[in-house]
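Take a look at this one chain, the form predicted on its own, written out in structure tokens.
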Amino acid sequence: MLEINEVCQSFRTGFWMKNAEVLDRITFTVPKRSIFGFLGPNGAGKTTLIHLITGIKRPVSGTLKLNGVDTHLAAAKRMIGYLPERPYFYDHLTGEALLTFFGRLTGMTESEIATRIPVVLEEVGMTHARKLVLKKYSKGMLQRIGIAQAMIHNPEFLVLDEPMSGLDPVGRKEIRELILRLAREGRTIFFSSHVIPDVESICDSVAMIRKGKLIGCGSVAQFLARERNPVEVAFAGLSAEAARGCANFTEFREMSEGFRATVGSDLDLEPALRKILDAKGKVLWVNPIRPSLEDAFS
């Protein structure tokens, strides 16, 4: 769907107008019908690349193509729906009026807009707020209507910049479920985030960026693949000295019920459990520690 090849971007800053490199030879592709996560800390260059993808800016060098079309061309922009990180909506408008406004900006006819609005509102779960002014919307509702305006012209490719920023846990869950539902309908979704669990929970593929450089790109499974995973075991009924001697624990701490410790891999688990039980200890739980994108990113 999207091909990014050797993209560099820089800006002139400061009194002497020196070049500051923001993106350095970024190269990756986004598969069709996927949820693609773009991950990086604040200031890594995520929003700058999004501005290039959406055609707001052009790169100093390199190419960005959407379905084979340069992203700065109108033909590519018509395929894109975009939700900025900090969208500004006129809060005196109703949800319906906002969608009408953005529909006109995309070049849709009045009849197309009238037909499309109820469909889009239904998709994002905002039919009930159609006539409600935006100043009365919650943060989660504003994010939903923001996604609705990105979808009003029925684009193939959705670009969402930090779509879960500032939401409470319930709001984050609702937006995650919405993104999954939109992907099931066949759209390709590209979204940026600095919150790793958001990306890990719903994305098929990810690209990681740090200080303007790509540090990894591939499927989530590829990043999480490990030959061995650590395992946490909790147990009680032993003295601290006896507990520490049960295995070569990588982590060990006391808690009110007993001890929590971590062995390096599942191969080390069985000998540790045998020693605990032989010493008349009681096993409370065993918990495999699943790898995360945070481990790959750090």
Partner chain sequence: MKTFLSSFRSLFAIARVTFEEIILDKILYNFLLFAFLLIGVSYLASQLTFVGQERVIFDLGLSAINLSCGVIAVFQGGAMIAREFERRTVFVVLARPISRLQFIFGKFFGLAAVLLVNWVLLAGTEILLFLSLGGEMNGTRFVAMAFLWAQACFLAAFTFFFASFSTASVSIMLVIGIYLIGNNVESLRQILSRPDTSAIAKSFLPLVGLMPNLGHFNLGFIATYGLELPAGYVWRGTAYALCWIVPLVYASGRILDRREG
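Positions refer to the first chain, counted from 1. Bear in mind that the values here come from a model prediction, so they are computed numbers and not experimental data.
Keep in mind the form predicted together with its partner chain is missing from the figure; the text below concerns it.
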- Note on the structure: Residue within 4.5 Å of its partner chain in the model of the complex by heavy atom, from 126, 108, 178, 217, is 108
- 119, 114, 93, 195: which sits within 4.5 Å of its partner chain in the model of the complex by any heavy atom? 93
- Item | Site test, 77, 86 and 152 vs its partner chain in the model of the complex, non-hydrogen atom cutoff 4.5 Å | yes
- Message: How about residue 260 - does it come within 4.5 Å of its partner chain in the model of the complex, if we only consider non-hydrogen atoms?
- Response: no
- Query: With the cut-off set at 4.5 Å between non-hydrogen atoms, does residue 82 touch its partner chain in the model of the complex?
  - Reply: yes
- Message: Contact with its partner chain in the model of the complex for residue 102, defined as at least one heavy atom pair within 4.5 Å: yes or no?
- Response: yes
- Query: So in the model of the complex, does residue 69 come within 4.5 Å of its partner chain, heavy atom to heavy atom?
  - Reply: no
- Message: At 4.5 Å between heavy atoms, only one of the stretches 264-272, 29-37, 236-244, 50-58 reaches its partner chain in the model of the complex; which one is it?
- Response: 50-58
